[in-house]
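A lone chain, given as structure tokens: the form predicted on its own.
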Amino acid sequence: MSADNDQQAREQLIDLAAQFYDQFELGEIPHMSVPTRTKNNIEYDEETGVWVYGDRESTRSANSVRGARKLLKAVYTIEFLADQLEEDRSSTLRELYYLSESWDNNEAQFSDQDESNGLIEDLEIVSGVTREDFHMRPEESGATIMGPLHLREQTRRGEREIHCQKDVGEGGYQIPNNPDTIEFLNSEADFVLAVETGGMRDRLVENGFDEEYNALIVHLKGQPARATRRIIKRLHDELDLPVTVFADGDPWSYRIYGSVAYGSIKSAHLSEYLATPAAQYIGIQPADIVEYDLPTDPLSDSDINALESELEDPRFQTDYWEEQIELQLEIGKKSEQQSLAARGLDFVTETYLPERLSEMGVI
């Protein structure tokens, strides 16, 4: 990020803190309003094709002790972030939680990391500045790319060019915290295959799937980090690559797909920046469990509750998802990606994925 952008981000933070002082001068109780982050307050934006927050808001107000504490923590955090930007330093979300223990006012300290993470999200929304621009980093996600992509990235030692097949080991190219610092130079890829689990990602690479089908294999590493979702969106938007998501056949994995395609509820303010609405779900589908007679586990009570919740989630209210979820509730089973190995180690690369990709018009 450039020095000009750092200064702009810092000024927006300071302007936010100044609003509290202005409210004091006007005789108002200091307050800060943010969108309510629930599935009942997200709506589809026809223009951008992503899910965004609606009109419902929650107010952090100093008219109660609890509200006053929230604003106090916000002011301390704003001061910390402004100083960090001025010094051109960075920190992790985890470090912010621990750093608060050194603040001179005990009331400003966070009780747990969920609280500090939530405040950073609030500040993103009300300031219009992303946490990456605050120089806040998550813990390392370890997500990677393997495939025919040539890029240039910024490092502490200057620029370097990397080919994500020829210049990397079996682990692939590790996605940086801020993928907007990457420049795509050239790509021979035909599509992106985002894969949930490390075991399946390794199977695809070992079987040479990326080379045979000119695929960019992106390891999601479970619930994908923001950097992973951002680079997937850039690969789609800038290189015009179809995006497919290959995950386990359970409700939690459908939410992984949802975070890539629709955006997550807690970061709906960044959906236009992170979500790829054109992403398609390639499996494991409940229909696959039946068609291929895959090894399964029974649905737990929490699985059933999650599936029923997804039926009520506006992002999953499509013919495809309603049909698949209702089928899964009917059969009462779930299955993992690697259950395809019951038909042989090469079944996934020689049969399952080629057939699914062909049906979807990707290859």
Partner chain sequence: MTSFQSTLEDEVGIAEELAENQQAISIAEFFEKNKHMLGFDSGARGLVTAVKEAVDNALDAAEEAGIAPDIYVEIEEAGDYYRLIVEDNGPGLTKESLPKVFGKLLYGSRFHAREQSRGQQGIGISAAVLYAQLTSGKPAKITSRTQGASEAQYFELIVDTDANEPEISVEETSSWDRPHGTRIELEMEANMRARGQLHDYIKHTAVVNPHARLELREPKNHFKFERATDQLPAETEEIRPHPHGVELGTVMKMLTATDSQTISGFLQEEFTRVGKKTAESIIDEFRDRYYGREMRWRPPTARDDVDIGAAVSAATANKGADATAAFAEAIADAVADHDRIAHHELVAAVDVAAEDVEADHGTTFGDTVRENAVEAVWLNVIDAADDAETDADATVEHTAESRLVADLQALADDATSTRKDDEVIYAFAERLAATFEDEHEAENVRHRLTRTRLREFVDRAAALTEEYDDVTFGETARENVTDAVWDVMATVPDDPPLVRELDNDRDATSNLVDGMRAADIMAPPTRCLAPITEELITAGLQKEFDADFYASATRDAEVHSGDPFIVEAGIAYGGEIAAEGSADVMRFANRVPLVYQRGACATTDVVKSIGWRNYGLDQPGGSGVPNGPAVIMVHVASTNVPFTSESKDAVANVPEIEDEIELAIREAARELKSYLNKRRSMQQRRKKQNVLGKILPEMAEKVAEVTGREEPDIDDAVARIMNNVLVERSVKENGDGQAVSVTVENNSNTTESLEITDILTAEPTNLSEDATVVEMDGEWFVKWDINVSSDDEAALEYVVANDATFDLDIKGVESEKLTVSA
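Since we're looking at a predicted model, the values are computed, not measured. Residue numbers count along the first chain shown, from 1.
Note that the form predicted together with its partner chain isn't included here; everything after this is about it.
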307-315, 42-50, 66-74, 322-330: which one contacts its partner chain in the predicted complex at 4.5 Å, heavy atom to heavy atom? 66-74
Note which of 288, 124, 79, 202 lies within 4.5 Å of its partner chain in the predicted complex, where distance is taken over heavy atoms; exactly one does. 79
Contact assignment for its partner chain in the predicted complex, among 101, 206, 87, 107, heavy atom within 4.5 Å: 107
Should residue 30 be counted as a contact of its partner chain in the predicted complex, where contact means heavy atoms within 4.5 Å? yes
Contact test in the predicted complex: residue 341 vs its partner chain, heavy atoms, 4.5 Å: no
Heavy atoms within 4.5 Å of its partner chain in the predicted complex: does residue 18 have any? yes
Spell out, yes or no, whether the shortest heavy atom distance between residue 347 and its partner chain in the predicted complex is within 4.5 Å. no
What residues, if any, in 329-363 have a non-hydrogen atom within 4.5 angstroms of its partner chain in the predicted complex? none
